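Have a look below at one chain only, the form predicted on its own, in C-alpha cells format.
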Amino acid sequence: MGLLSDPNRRRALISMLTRLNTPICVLCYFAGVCWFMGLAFEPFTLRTYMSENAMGSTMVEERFPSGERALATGREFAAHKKKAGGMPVDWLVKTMQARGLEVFTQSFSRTLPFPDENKERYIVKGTNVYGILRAPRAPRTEALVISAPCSPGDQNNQAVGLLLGLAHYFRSQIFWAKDIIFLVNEHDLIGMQAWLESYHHTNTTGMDWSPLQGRGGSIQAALSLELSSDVITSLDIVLEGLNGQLPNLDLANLFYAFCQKIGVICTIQGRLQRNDWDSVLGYSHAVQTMMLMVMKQASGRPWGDHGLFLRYHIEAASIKGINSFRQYKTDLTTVGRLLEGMFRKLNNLLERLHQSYFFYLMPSLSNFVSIGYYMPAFGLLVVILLLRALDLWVLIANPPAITADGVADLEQQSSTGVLSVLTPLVISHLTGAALYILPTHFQEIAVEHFPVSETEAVVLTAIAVYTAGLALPHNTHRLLTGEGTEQGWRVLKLVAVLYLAVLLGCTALINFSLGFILALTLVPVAAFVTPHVPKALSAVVLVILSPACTLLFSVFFFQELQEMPVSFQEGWLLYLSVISQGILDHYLYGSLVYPLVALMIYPCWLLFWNILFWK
C-alpha cells in the first residue's frame, strides 16, 4: 500500500511498466500458453474423486439380466420403424404400457430458418413418446430421465431396446425413491428441445409443441443412450453441452467408477487412457484429449441430447457405445448393469449434485483440471491488455509536447473529439448487426438472383457482409471530424483494448475454452497494432488472426485431433457447413456463439483494423 500511496514510488512503478511494457507482454503471452499446455501433465492435475456422499460407494449389486431380450426388442423396434417410415408411435405406446408405465405422447413441429442440408430437413414434424415409472416409496417430487433418440436408418435401435428392457426390469424393483422417465425422442435435439420446453413451461425458441399430459417430479439428472451395435468394445461419455456448459463432475466420476467396477473399457473424447504419463507419447495423448474437449466446448453446440438439459440446471451426460477393432467385447447385459448401478446411486441423492466442480477440463477420466488451475493461463493473456491500456493511458495523459523539428505541437495537446472515437465504434457495431441480421433475412433475395440453395445463400451472405466490413469502417474517424489525430487513435485503442478485456473476461466465465481461443488470437492483435507499423504485413497478420480465419484454422485442427485430416477443399466445405450449423444452432437451441462473434467479437476486431489504417 505504501508503494501505491507514495506519489514518487507510484510514478516510478508506472514508468517501469511503460518502459518494459513490450518485454513483459511477450513474456506473459508465452507464459500463458506454456501454462495451458502444462495442464495436461499428470503431476499438475487432480485425481478424480466422488464428492457427493450419497454416491460415494459403488457397493450395490446390479442384477439386470435382460440383454438378449433388449436386443430382440431393438430388432422389433427397427422393423416397426422401417415399416412406419419414422417413429413407430403406436408400437412404442403399447410396448411401454405392457411394461407397466404411464405412457404419454407429445407432438411438435418446427420450421427451420433455412434448410439443414446436413440432415436434409426444413419443416420438422414429429412425436415424442415417454413413459413414467412412478416412485413407490416417495412423494414423487423428484425424477430421473433416461432417453434414447429415434435416429434414422439403423442407428440407435439397440439403445431403444435397452431403454425398454431397463423399464421392464426397473418396474419390478421397489426401492425407487424418484420417478423415472423413459423418453424416446424423434428428430434428435429438436424433439428433446420440444419436450424440455413443454416440461418446464418455457418457449425460448419459437417451436410449436403440444402440452405434456403427464409429468414427473423435478428432474435431478438425466442420461442419454446412443448404441448402434449388438456388442460394444468401449463406452464413451460425452459431457459438452449447450454454450459450453458441463455437468457436475460427480456424474462423470460415477460413470468412471462403475466402469471400473464392472470391467467395461471407458473413454472420453473416444480416447483410451494411457498409463505412461511420464513419456512424450503419454503427454501428447493427454494434450490431444484435453484439446478435443476445449474445441468441442468452444463450439457452443450441444454434442448430444444431454446438452439441452444443462440449461435447466439438470446434470446430464450422453453415453455412446463404440464397436471398434478391439478384441474385448461387452454385451448389452453388462451395459444394462452399469446403467442400473448409476441410476440406483442417483436414486439415493437427497439434493441436486452440487458438491463437485462445474468448471473443469479432463485430460482423462481419472484426472481433471479445475478452474483454479486453468484460469491463470487466461489471466496471463488478459493482463497484456491491461498493461497496454496502462501504457496508452500514460501517453494520453502526458503527450509528447515537442515534435521532431522542435516546434510545440499544440494540436496534439488539444482534447480529442468524441466523434472521432464514437464514429468508428458505432459503424463497427452496425456492421456486426448486419452480419447477425442479414444472412437469414436476405436468403430469399439471394436465391432469386443467384443459382444457390437457401443454405448456401445464408453462408455466402454472411461471408459477403464479413468481407465488406473490412472496407466500411475504414478511416471512419474522418467521416465527421476531418483528419485524425495522434491522440485520437490512442483513445480509440484504449477503448478497444479495455472493451476486449471485458469481453474476453465475461466470455471465459461462461465458456472458458471459447474465451481462451479468442484470447490467443485477438490479444496479439490488440497488443501490436498501431498506425505506424508496416501496413501490408500488418493487414495480413490481422486477417489471419481474425475471427473468421480462427474458425477456419480450428476446423482443420479439430480434424487433426480426431485423426481424420482433410484436404483444403474438404476443409473449406466443412468450414462452410460449420458456419451454417452455428447459425442454425443459435435459432434452434439458443447457442450464443454466433451472436457473440457477430455482435461483439467482430466489431471489436474491426476497431483494431480501423486503428491500423488511421491517418
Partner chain sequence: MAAYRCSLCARLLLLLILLLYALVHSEEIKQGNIHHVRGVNKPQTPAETVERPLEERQCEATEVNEAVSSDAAAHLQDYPGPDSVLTSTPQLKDDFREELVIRPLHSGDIYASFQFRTVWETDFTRGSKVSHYRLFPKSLGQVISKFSVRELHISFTQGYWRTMQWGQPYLPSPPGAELWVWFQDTVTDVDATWKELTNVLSGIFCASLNFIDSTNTVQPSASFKPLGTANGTDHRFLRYATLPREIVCTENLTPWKKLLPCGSKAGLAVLLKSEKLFHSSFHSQAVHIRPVCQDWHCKTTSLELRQTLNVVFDLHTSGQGKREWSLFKMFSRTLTESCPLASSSKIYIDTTDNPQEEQFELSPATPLLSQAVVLGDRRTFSVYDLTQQVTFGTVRSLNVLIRWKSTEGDMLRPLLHAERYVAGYGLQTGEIHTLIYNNHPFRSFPVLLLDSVPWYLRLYVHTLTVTSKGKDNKPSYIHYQPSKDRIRPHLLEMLLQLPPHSVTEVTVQFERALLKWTEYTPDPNHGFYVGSSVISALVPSTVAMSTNITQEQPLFSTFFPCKEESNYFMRVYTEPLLVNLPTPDFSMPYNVICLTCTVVAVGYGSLYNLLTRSFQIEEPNPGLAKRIANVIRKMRGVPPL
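Numbering follows the first chain given and starts at 1. It should be emphasised that the depicted structure is a prediction, and the values quoted were computed from it without experimental measurement.
Just so it is clear, the following notes concern the form predicted in complex with the partner chain, a form of the same protein that is not shown.
- Proximity to the partner chain in the predicted complex, defined as a heavy atom within 4.5 Å, holds among Arg215, Lys261, His80, Arg274 only for Arg215.
- Of the listed positions (Phe343, Phe378, Tyr199, Tyr256), a single one reaches within 4.5 angstroms of the partner chain by any non-hydrogen atom in the predicted complex, namely Tyr199.
- With a 4.5 Å cutoff on heavy atoms, Arg337 does not count as touching the partner chain in the predicted complex; it lies far away.
- Contact annotation for Arg171: at least one heavy atom lies within 4.5 Å of the partner chain in the predicted complex.
- A residue is said to contact a partner when one of its heavy atoms sits within 4.5 Å of a partner heavy atom; Val103 meets this definition for the partner chain in the predicted complex.
- Put simply, His285 is far from the partner chain in the predicted complex: not one heavy atom of it is within 4.5 Å.
- Of the candidate stretches 386-394, 366-374, 505-513, 172-180, only 172-180 contains residues with a heavy atom within 4.5 Å of the partner chain in the predicted complex.
- Contacts between 334-365 and the partner chain, taken as any heavy atom within 4.5 Å in the predicted complex, involve Leu350, Glu351, Arg352, His354.
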